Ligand code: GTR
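For reference, the chain that follows is the form predicted on its own, supplied as structure tokens.
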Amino acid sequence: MKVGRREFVVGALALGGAGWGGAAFAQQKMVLKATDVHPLGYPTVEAVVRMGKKLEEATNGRLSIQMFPSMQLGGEKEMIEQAQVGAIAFARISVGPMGPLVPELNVFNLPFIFRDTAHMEKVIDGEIGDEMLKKLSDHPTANLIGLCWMNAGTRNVYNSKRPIRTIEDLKGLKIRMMGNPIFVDTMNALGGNGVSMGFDQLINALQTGVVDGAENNYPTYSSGQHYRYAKYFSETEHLMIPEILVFSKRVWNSLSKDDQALIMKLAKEAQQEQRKLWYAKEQEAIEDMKKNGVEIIKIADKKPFIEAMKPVWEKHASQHAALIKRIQDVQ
């Protein structure tokens, strides 16, 4: 995974110009840069690291992956931009920032779109999941290849002020949301005050009181030690958004067809491997939260939360009615 003197750093290859085809460099050692906002050991990071080992083995060291975890290369916005220009090869990103670019992906961002995690997995493992990745890959200006999906669990509200047991408890709380109008509208419909903000800005915002809390899954909350600033974790499960491993189209076009096929095959394996890692990490995170004095609040009745989403669905879902029906029909 180290970059040697004679290895060819892929960002430089991609930025060198379209005239540098993959065939000309078929025997060159290429280091594919990968990045994630999460730390080493986090399921999405670990899945890509393991994928890199398989890639290195399959190509006798010709292709390898160098991972830059923990926001070393910036937040998701910066990660997407770097992948688009070819400065990095892989980025694990949330569907949230992709929704405005590929409108169909916004369907996965709708609150309570999936019945449970099993339903979500059947959707992303099947026809619909493949179609959504292809739509991203075929997008004329996204400059990204959609490789595979990754689990991200359920998103739940946590804050520093009080336990959230009902919608009324959310009233007036400033809650950080990912940068997508659907998410801000979701929090506002629940009575909170949705604040659009990058993940890389969140800790400072929690420390300074710019926001009272945020919403995310158990492992992100635990690994980021957000319990230091917000001890009340309420299992609202309002969002269940799969994440995407993307590849720079600019770098992709510099690879041979065989290398592209190999990366795609290993990515599909990583999708299943990450899932196993995910469920183990969730349990570990919940234990860590309990150990650190987090109050985990069960929501006795989710019906009012679901019913409050009616205006969000009316605003954001009407143009995707056929796709939504297909998702709901998946058993």
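None of the values given here were measured: they were computed from a predicted structure. Sequential numbering from 1, following the sequence displayed.
One more form of this protein should be noted, the form predicted in complex with ligand GTR, which is absent from this view; the next part is about it.
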| query | finding |
| --- | --- |
| Touches ligand GTR in the predicted complex: Met132 (any heavy atom, 4.5 Å) | no |
| Non-hydrogen atom contact Glu76 with ligand GTR in the predicted complex at 4.5 angstroms | yes |
| Tyr229, heavy atom within 4.5 angstroms of ligand GTR in the predicted complex | no |
| Touches ligand GTR in the predicted complex: Ser94 (any heavy atom, 4.5 Å) | yes |
| Joint contact, Met120, Asn156 and His238 to ligand GTR in the predicted complex, by non-hydrogen atom at 4.5 Å | no |
| Partner-proximal stretch of 134 to 142, 80 to 88, 210 to 218, 246 to 254 relative to ligand GTR in the predicted complex, 4.5 angstroms, heavy atom | 210 to 218 |
| Option touching ligand GTR, based on a heavy atom within 4.5 Å in the predicted complex, out of Ala267, Leu32, Val37, Ala47 | Val37 |
| Val107, Met178, Met98, Met150 - the one with a heavy atom within 4.5 Å of ligand GTR in the predicted complex | Met178 |
